[in-house]
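Encoded as structure tokens, the following chain is the form predicted alone, with no partner shown.
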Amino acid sequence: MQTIHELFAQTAEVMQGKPLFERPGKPAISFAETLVLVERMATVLGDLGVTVGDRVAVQVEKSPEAIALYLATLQVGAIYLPLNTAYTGAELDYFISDATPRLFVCDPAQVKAHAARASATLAVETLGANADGSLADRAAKAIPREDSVPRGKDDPASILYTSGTTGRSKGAVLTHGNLASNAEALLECWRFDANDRLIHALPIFHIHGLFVAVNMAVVSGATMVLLTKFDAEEIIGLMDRGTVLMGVPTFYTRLLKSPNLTREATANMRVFVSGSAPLLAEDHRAFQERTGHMILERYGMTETGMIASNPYEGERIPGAVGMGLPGVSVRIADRETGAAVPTGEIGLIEVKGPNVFQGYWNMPEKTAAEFRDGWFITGDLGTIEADGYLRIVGRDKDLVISGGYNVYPKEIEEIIDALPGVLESAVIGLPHPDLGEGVTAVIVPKPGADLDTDALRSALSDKLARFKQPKRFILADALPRNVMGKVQKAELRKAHAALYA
């Protein structure tokens, strides 16, 4: 097995002067130039005392230099730990105390806030979005290190912390084998190669932006158009030379608001990928009508990388996430017994394959609890229908048990979302004195729509069994989301916990 860094180095030797990074208003950076930068940073990491197995914690803005630091960390056999740029100092305290990194890299503007973290066991350096900061200065003077530390498929490559919506965040340990196998499977499934120009507007502290988008580009020889933020008009303007856009559902919602999103504007594009949260079926249909492109939805998570994908060639079904990637097995199991459930029935989605993580950092008991007979329990509920496509019903922790009946929010949300005047909805369970949990719908109206809760109740009366019908409707301006666009139902439950009191 070759690591992502080794595959990148081989590709860079072949691609040489071809741009790896293109940025609006800035010079392109070639594969060869990036390789030298990676090797210079590898030297700096060694000078700072980073060695095999050490953690390198990074909270910086998106840049080619940040990606080079990631690859250099893999080169020296260390473990890369990307951190959300929105995390506060108090949140960082937890991650640093838990992962005990040898090096912490922050934005130059934040150095005063973090300088006190430096100690005999933790170096603190800075790296800015404009090739500035102490780490960039060191790299500019360093002699490139050409050798890489040999790593096997089971050796840790990265730690990604889960969002921690319930309990404290867990550090998922991803191996070199996890990263390399997932990249290989995705290159095959999405026909991604050196001819592609990827419009990259995702953050790089998350599995989608880093271990899907970046890994695929640096391994295949593709060019990344690196954007620091999502701007619908800018992205539409780049599509005449782009071929692939990887995004979250909110990307496509915002693109659809632009009158410039047309068949002509997207004519050069090859594929639009969506993931990290469910895509509204309405957006799926509207995008196809406007552009002629059917968005390709896929399914993945922090602990597994990508699990399943709608086909590149074949039917892409709204509301479905396709089939398991090459080498990845997916099954639907009974929540209690773990036994396989019949086709079409709802159960826990479980996964097995080279993409599945090694375990949670410093949490052996939690790791053991998340596996059953060698299968990783994703915590997602879903079905595999007769057509073989996987459909996600919701998170197990979001299951509502009302009056002893299991209520699956996704089923109700799809029906509510299809009602006139509804933009989107989230169904949650709230403490109820008689039922245990009361089914509750939080609804965002479309702009200008005047929704009446009695009318909503009436519209659902003949579409859902009585126990599934929401007891209350809450109208909201927006649903709380994390940086990847996932609705934060825990926040909704907390905000409305006393509704039935």
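Take the two forms, find the largest set of C-alpha atoms that superpose within 1.5 Å, and that set is the rigid core. These numbers come from a predicted model, not from an experiment. Throughout, we count residues from 1 along the sequence that is shown.
What comes next is about the form predicted together with malonyl-coenzyme A, which does not appear here.
For the options Pro203, Gly77, Gly353, Gly133, the one in contact with malonyl-coenzyme A in the predicted complex, meaning a heavy atom within 4.5 Å, is Pro203. Between malonyl-coenzyme A and the residues Phe251, Phe104, Phe287, Phe357, the one pair within 4.5 Å by heavy atoms in the predicted complex involves Phe251.
malonyl-coenzyme A in the predicted complex is not approached by Ser309, whose heavy atoms all lie more than 4.5 angstroms from it. Contact annotation for Met269: none of its heavy atoms lies within 4.5 Å of malonyl-coenzyme A in the predicted complex.
Residue contact check for Gly403: one or more of its heavy atoms lie within 4.5 Å of malonyl-coenzyme A in the predicted complex. The closest heavy atom approach of Gly347 to malonyl-coenzyme A in the predicted complex falls outside 4.5 Å. From the list 255-263, 206-214, 174-182, 365-373, the contact stretch for malonyl-coenzyme A in the predicted complex under a 4.5 Å heavy atom rule is 206-214.
In the predicted complex, Lys229, Phe230, Val248 are the residues of 215-248 with at least one heavy atom within 4.5 Å of malonyl-coenzyme A, listed from first to last. Positional change of Pro64 between the shown form and the other one stays under 2 Å at the C-alpha, relative to the superposed core. Comparing the forms between the shown form and the other one, the C-alpha position of Ala28 differs by less than 2 angstroms, with the core used for superposition. By 3 Å or more, the C-alpha separation between Gly436 and Arg391 shrinks in the predicted complex relative to the form shown here. Compared with the form shown here, the Cα atoms of Leu464 and Glu282 move at least 3 Å farther apart in the predicted complex.
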